[in-house]
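Let's start with one chain on its own, the form predicted alone, as structure tokens.
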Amino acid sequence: MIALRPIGRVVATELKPSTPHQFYFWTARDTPVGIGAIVRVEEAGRVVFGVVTDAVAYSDMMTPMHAVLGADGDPGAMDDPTRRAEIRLFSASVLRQMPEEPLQPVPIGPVRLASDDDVRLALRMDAYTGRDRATGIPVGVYAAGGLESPVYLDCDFLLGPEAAHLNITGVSGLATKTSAVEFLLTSIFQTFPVHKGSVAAVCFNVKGPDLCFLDQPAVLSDEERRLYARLGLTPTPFTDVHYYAPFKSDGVNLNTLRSHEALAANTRPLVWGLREVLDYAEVLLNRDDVDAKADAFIDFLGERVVGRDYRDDTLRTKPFNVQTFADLEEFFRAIFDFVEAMGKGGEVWRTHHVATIRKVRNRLSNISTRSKGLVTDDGTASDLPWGGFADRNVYVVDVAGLDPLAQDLVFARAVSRLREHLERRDLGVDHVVVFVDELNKYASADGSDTYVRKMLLDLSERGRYLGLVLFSAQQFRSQVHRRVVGNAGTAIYGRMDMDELATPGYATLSPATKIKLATLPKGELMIRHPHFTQPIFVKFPRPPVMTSREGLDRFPPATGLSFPDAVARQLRTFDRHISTDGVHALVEGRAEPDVLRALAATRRERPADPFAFFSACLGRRVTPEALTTRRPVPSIRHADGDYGS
């Protein structure tokens, strides 16, 4: 067996001595050892595992001139019989010593490639795999010298409570970020320990169709299926995926590239009203323009007015019931009418200055316009199933088509609600993985201190105690807030840009490791994990779900749907037998706001007969009465040429 045959020997000199943390060894020219290989040194009752971090090759010549002179200036003159001796020297960082105490320099002994058992011991995976309450999550295959050994992450250090969070860095388009997360979620869902409880994932799709086809199977090669079998996984797509997307400005077509009718069954609208938005007004409002006084008035609206019967006899005898943006505008109008009636002395209403009230009114009144499709005027909300999350379910929120401000609102509200429900233990699951791509945008190192960035910092520092775990990805790790990436217990690196590798955050990596990172092929990653004392390179198979390009080819998005056609498609998500012609006949001549309200009511109630319920919500069609033709009054012309009145 190749793993048992010595392939080299430790060498320690005055200039390159062995230490408890690093050692050197030489090998033959045709060695299978390379950067990232795990090796084993055993001598005098001590076993040391190391990972190769650098390599050099040289001969006994003092200068290149000796080589030129020895060949008489002819490179072709150097044949095998006269080749000089050549040495291959490798540097290795210590992964583990057994016994661990006393900690001693690496002994001068034979070097062997690691076997399966050696890899498990070297990476300390024996502490969380192969026992009754194992917590290992397959992340990939370590491959070197003809050996393929599964590598596992510790669930306690990936999803909490010991440590948590995952951060992925890599160049876009090279199967690093999205593909790695899709594969890792597949692995988590299939191997998450029963004794750890239930787990779900909330993924924010921020770029095109990246996450739009998680429920569609991929076409995998025999080699990829073999890797799945080696990891003990089944290459199947996610079976329980729920998609949420806001409407476009027309209120009926979903703002997502997952709009093919064959995919409509598990694609639902994401629509919020005044109540859902007001609590997160800070995300939408300009912080330079909204001061503490405005914040106090917004808090007053949220606690005393919106969603409650509010009575103020100075405004009107009938109580206010503010449920929608239109109701809120009526409330503001009553305040301004009262202030105007007071004359010059009317500058304050209930300790709030009228200028502050006008400022808040101006900011809130146009939210439904700026975020049209996500925020509705009628107050009818369609939200994620808070309190009804299910084990091994994926909830994808597609915000790729929204403007940045609306994306911030969706992200802030969704994560805040997750935290609130996990604190009360009434979400439906014990652990939630939140995946956010393009972290450079949401938690940049040099950006302003936004509401979203503060929330991400809080999630990364305290979320693991609640079971709320952040899986984040970006192209440039150096441009993300240090506290967010620093709190990620596990870090994954794919193909990297050399400019990024030149930043101080990668100073601990050897030059050879950096070069390997800059040239990694698709499907290979470098992983840092709390149990691994050094970064490890692994291969992972292609995710078992359809790629975005394949998905768009097979399920092209529906574009240019008319209002009645879009309404019919929405109704067919409740009953596929509803005909388009029937919906056309029903909505013809109706005002679009009335149709949208009936559709929202049907979506909210989910009746047994959606078409009949929708028709009842629309009510009877009012036939305009025929206008009686009035005879024109003849004009009277006077003798002087003027017309009479």
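Here the structure is a predicted model, which is why all the values come from computation and not from measurement. One-based numbering along the sequence shown.
Another form, the form predicted together with a small molecule, is not on view; read the next lines as being about it.
J.: Heavy atom within 4.5 Å of the small molecule in the predicted bound form: which of Thr490, Asn253, Thr176, Thr513?
T.: Result of the distance check: Thr176.
J.: Would you mind picking the one in Tyr243, Phe540, Phe90, Phe213 that has a heavy atom within 4.5 Å of the small molecule in the predicted bound form?
T.: None of the others qualify; the residue that does is Phe540.
J.: Using a 4.5 Å heavy atom cut-off, which of 504 to 512, 178 to 186, 396 to 404, 382 to 390 contacts the small molecule in the predicted bound form?
T.: Result of the contact check: 178 to 186.
J.: Whether Arg549 contacts the small molecule in the predicted bound form should be assessed with a 4.5 Å heavy atom distance threshold; does it?
T.: Arg549: contacts the small molecule in the predicted bound form.
J.: Residue-level contact is defined here as any heavy atom of the residue lying within 4.5 Å of the small molecule in the predicted bound form; does Gly523 satisfy this criterion?
T.: Yes.
J.: My question is simply whether Ser172 lines the interface with the small molecule in the predicted bound form - judged by any non-hydrogen atom within 4.5 Å.
T.: Answer yes; at least one heavy atom of Ser172 falls within 4.5 Å of the small molecule in the predicted bound form.
J.: Taking heavy atoms only, is Gln475 within 4.5 angstroms of the small molecule in the predicted bound form?
T.: Heavy-atom contact with the small molecule at 4.5 Å: present for Gln475.
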